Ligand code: HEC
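Okay, here we've got a single chain as structure tokens, the form predicted alone, with questions on binding and movement later.
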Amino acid sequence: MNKHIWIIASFVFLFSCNKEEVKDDSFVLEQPEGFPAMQIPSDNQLTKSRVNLGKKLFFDKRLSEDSTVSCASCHLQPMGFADNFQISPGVHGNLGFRNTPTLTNIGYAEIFFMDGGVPTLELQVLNPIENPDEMNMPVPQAIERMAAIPEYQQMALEAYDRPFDAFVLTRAIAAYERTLVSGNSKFDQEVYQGKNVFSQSEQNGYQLFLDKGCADCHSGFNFTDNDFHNIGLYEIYTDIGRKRVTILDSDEGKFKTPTLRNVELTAPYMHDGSLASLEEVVDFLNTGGETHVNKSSLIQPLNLTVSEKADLVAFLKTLTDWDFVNNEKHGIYYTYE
């Protein structure tokens, strides 16, 4: 009898030890009220090890030619994962030709870059690394450099069960970026959570946003229709926008509708950073824009009064999610266990 009890006790002990050794690598992605489920590729489902690896790479300046620029250099959390430069400097102070877009809710995007030149978040990772005005690092060289770091080799094996390579690099960074979900702004609390937190000015601004057609393009939970529009920013565009991808004259001057989430934090605005403040953006849209053959018919003079413009700006500021920009889980020093 005692022998049988000892055997059973030993089995339970061993089973308990083995159970503790099995690490729970599952990752539960936050889904705010009013948000749909995020569509994630089958070969890059989120796990803690993948997100941790991607975060480490996102902040690692060794991915750039001279180890001075990381993804995080241009996508700063306090600024809604954008920055405050008109055009962001890359290696050697090189300047590109477009303003840095926010990564807020980037996992919900359907197409990437302002001209829609890349179809997936994984592929998007490659462009800034190789771009001579950003990180200027040919991907094979980037892989060679990072694969020589033992910690990255170990993390790659844990996350993807393969040595560190381009597959691991692109998917890990994309995995981390999909965790950048923002859905607890004052707007969310008012509209999705029913908390009645809007001031009268903010409520007036929201009604103007709807009545004046702003929501025709800045639509849905993420305030974007994921489409491309020419808003009449210029009569002559030096950056031809969507036409760079399609080669169609009808796409000249068209750019992807950006999300408005955390827009208060992401100044300056437009594809070239030419408008410095939300007030300037509203003033521009109030005029109806410049004449251009491709200008959207949706862009018409708004005829807003001074107080109405102030109300519209007040509403746009309700889209700031302070919990998101202060969330330590998005930072380099937080590790999912």
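Small disclaimer: the values here were computed from a predicted structure and weren't measured. One rule holds for the numbers: they count along the sequence shown, beginning at 1.
Just so it is clear, the following notes concern the form predicted in complex with this ligand, a form of the same protein that is not shown.
Can you tell me if residue 35 lies within 4.5 angstroms of this ligand in the predicted bound form, counting non-hydrogen atoms only?
No, no contact at 4.5 Å.
Give a yes/no on whether residue 58 approaches this ligand to within 4.5 Å in the predicted bound form, heavy atoms considered.
Yes - in the predicted bound form, heavy atoms of residue 58 and this ligand come within 4.5 Å of each other.
With heavy atoms only and a cut-off of 4.5 Å, decide whether residue 164 touches this ligand in the predicted bound form.
Residue 164: no, not in contact with this ligand in the predicted bound form.
Could you confirm whether residue 90 comes within 4.5 Å of this ligand in the predicted bound form, counting heavy atoms only?
Yes, contact at 4.5 Å.
Location of this ligand contact in the predicted bound form, chosen stretch of 149-157, 196-204, 103-111, 182-190 [non-hydrogen atom, 4.5 Å]:
Among the listed stretches, the partner-contacting one is 103-111.
4.5 Å heavy atom contact with this ligand in the predicted bound form for all of 79, 222 and 265
No, the whole trio is out of contact, none within 4.5 Å by any heavy atom.
Taking 4.5 Å between heavy atoms as the contact cutoff, choose which of 309, 48, 271, 292 touches this ligand in the predicted bound form.
Answer to the contact question: 271.
Going through 172-209, which residues have a heavy atom within 4.5 Å of this ligand in the predicted bound form? Please give them in sequence order.
Contacting residues: 173, 177, 209.
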